[in-house]
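Below sits a lone chain in structure tokens, taken as the form predicted alone.
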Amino acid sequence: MSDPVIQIRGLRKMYGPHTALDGVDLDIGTGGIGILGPNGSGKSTLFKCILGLIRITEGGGTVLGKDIVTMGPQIRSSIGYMAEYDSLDPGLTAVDHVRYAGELLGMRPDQATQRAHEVLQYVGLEDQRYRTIDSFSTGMRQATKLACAIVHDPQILFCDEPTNGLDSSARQFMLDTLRRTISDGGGTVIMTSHVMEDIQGVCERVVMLSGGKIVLEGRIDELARQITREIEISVWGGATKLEEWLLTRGHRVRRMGRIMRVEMNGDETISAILLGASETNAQVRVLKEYEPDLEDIFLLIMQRLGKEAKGASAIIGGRE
């Protein structure tokens, strides 16, 4: 990891008797990093502490060399924040809204105006910049929020559910823009999303919180290699019989309708699947080694912690 732009040491936050963060140590460098965790894990509290919005019980840290305990306003003027909630004035045009955001961050009016035009082009709204926000689609509103967050060219960009409510084309454009922000600017994007595919598409690293503690941290590709290899098969007839056949012979099976993933235990696993298909008359259409993704990593960690999570919707829900 590159030199950290955010350093947190021994961070502890209490709300009365409740411990929201319990001794968090965290280094965040440049690039994309996803913050994961179920409801009540401490994600929102961690952000508020990093941005100097709430008083810390114990510990501390720095953001871009600025102390999170004593320099909250300076930190907030140095970062960009794209909120999940609707934070736009519907009566303003896009260019006026982005210009105003720049002026609030201390830019001169002429600087803010020039940058507003530049970043609106960057996020794909050059032709719509003189339209009012109330005439914008959800995708255009999200793009405007991103433009407001990057108007001052911040080194760190916080994005809270940036693809929320977007159709497939707008979602892809948003993800491409965030990736370009990292690759072109060499900055840091800290992103939360309930869609694991979006996190994996933008971020190289993830941090997972549970119960106010960091339970997972690292590069996504390295974490995926720690998961037990599986063989994925697509079964179009006799899936239940094949599953029972494999289970009675000691194979571990994860089933999702017609798709089954069988824990790989050497070359004999494939032979066992083929033998089982033959004996049960199951129609196996596809057989391949499965490449684990971020959701698999999350579910595995939750299982190890003894907590139930049925899918991506359980990963990031509402705020703590």
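If you superpose the two forms and keep the largest set of C-alpha atoms that fall within 1.5 Å, you have the rigid core. Residue numbers run from 1 along the displayed sequence. These numbers come from a predicted model, not from an experiment.
Not pictured, yet referred to below: the form predicted together with a small molecule.
- Of the heavy atoms in Ser44, some are within 4.5 Å of the small molecule in the predicted bound form.
- Taking the partner from elsewhere, Ile297 is found to have every heavy atom lying beyond 4.5 Å of the small molecule in the predicted bound form.
- Although the partner is absent from this view, Ala20 contacts the small molecule in the predicted bound form, with a non-hydrogen atom inside 4.5 angstroms.
- Although the partner is absent here, Gly31 sits far enough away that none of its heavy atoms falls within 4.5 Å of the small molecule in the predicted bound form.
- In summary, among the residues Gly40, Gly52, Pro292, Gly59, the only one with a non-hydrogen atom within 4.5 Å of the small molecule in the predicted bound form is Gly40.
- Segments offered: 277-285, 60-68, 257-265, 44-52. Contacting the small molecule in the predicted bound form at heavy atom distances within 4.5 Å is 44-52.
- Once the rigid core is used as the reference frame, the Cα position of Gly34 differs between the shown form and the other one by less than 2 Å.
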